[in-house]
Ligand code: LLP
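As a starting point, one isolated chain is supplied in structure tokens, in the form predicted on its own.
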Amino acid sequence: MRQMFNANIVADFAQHQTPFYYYDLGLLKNTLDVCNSAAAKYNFHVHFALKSNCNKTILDLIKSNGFGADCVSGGELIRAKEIGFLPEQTVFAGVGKSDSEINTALDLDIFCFNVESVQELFVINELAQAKNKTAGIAIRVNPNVDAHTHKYITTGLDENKFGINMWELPAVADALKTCKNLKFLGIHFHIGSQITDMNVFKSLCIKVNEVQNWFEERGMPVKVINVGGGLGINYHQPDAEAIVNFEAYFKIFNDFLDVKPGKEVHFELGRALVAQCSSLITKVLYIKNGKTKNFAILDAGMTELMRPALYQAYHQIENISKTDKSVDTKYDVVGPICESSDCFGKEIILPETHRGDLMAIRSTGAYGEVMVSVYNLRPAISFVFSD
């Protein structure tokens, strides 16, 4: 089992102003290596989902390891360009792309737009025509596959706003016949996030094969099959499973996708690559002991880590100042924000905890830093890197 913290690291933390995000770059590099090796077996292409983490140091390491960029906003497109991600390895998704964002992507000559509505096809075509350019596009299809995850991060059901429904595909085919400044590259899917049931991906493969056949039966060859991401991590045991099983994940798609010669399979992974490499380090401000509740009040709040308040998401919480684990007490671990939802966990068993103790909230490398807010005029958060 890999331990992220030792006495030397904790002593170093004491020299820094809390709260801050700590990034273990060694673990990140190992994760990228394992993912690359597993994907290379099948010649799969992996784009990193910038929406999960936009830290420049993290992105530079990911880019230098050969990953492409998956962007969902104009800002992410610009960040990807600044870091040096190759345009031919950059894709742009999003259910509500503005004209300005589309023009940015066209100016950058990105590889592909993942298109999410019939109307969007006409908008991209018109803007591309004005620039005398041809835009590569993939059709994001909503396959109505249940990801069996939290309702706020499920994206592949009929009730979700994302993608084009199966019954709209004839209209897509008709639109592509008239849009001369679009180049149909293939199909795109993304059914949700934090998926740990591998059978879900098998179900996705079956739908992907069905949609691929639908287009090819109509004389529209599919070159790119983009299956999105969504691979989950182990939030409950971050040290026991610091790197997810990429081998098993990619093997499912190799076994169940119908990939004919000349086709490319693309992935858009975020959480699985970066989540475990970071922890939010925070200090205990106060202990409030009551008749039914003990509160450990931290100097980090929902403004620094939104996921527990937004999704009721679990993150392992550790008192890293304590080496003696013999005296256990239950605490509601909360932040300083003036909201009752500013809570990281209830009835958390910790060593007896005191003012000034350092706490680590684990597995925050994905959707931690990127969701930081200035609510209550909170100061900007800082970062500490393992090197």
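Just count from 1 along the sequence shown to find any residue number. Quick caveat: nothing in here was measured; it's all calculated off a predicted structure.
Not on display, but discussed next: the form predicted in complex with this ligand.
Q: Among Gln194, Asn294, Ser203, Thr90, which has at least one heavy atom within 4.5 Å of this ligand in the model of the complex?
A: Looking at Gln194, Asn294, Ser203, Thr90 one by one, just Gln194 meets the 4.5 Å heavy-atom criterion.
Q: Ok, Leu269, Val224, Leu169, Cys179: which has a heavy atom sitting within 4.5 Å of this ligand in the model of the complex?
A: When this ligand is considered in the model of the complex, the option within 4.5 Å is Leu269.
Q: Does Leu231 make contact with this ligand in the model of the complex, using a 4.5 Å heavy atom cut-off?
A: Leu231: contacts this ligand in the model of the complex.
Q: Does this ligand get within 4.5 angstroms of any non-hydrogen atom of Lys81 in the model of the complex?
A: Lys81: no, not in contact with this ligand in the model of the complex.
Q: Given that the partner is absent here, does Lys97 sit within 4.5 Å of this ligand in the model of the complex, heavy atoms only?
A: Lys97: no contact with this ligand in the model of the complex.
Q: Does any part of Tyr311 reach within 4.5 Å of this ligand in the model of the complex? Heavy atoms only, please.
A: Yes, Tyr311 sits close enough to this ligand in the model of the complex that at least one of its heavy atoms falls within 4.5 Å.
Q: Out of the stretches listed (279-287, 294-302, 184-192, 213-221), which one is close to this ligand in the model of the complex, meaning heavy atoms within 4.5 Å?
A: Only one stretch qualifies here: 184-192.
Q: Taking this ligand in the model of the complex, which residues along 350-387 bring a heavy atom to within 4.5 Å of it?
A: In sequence order, Tyr367, Met371 come within 4.5 Å of the partner.
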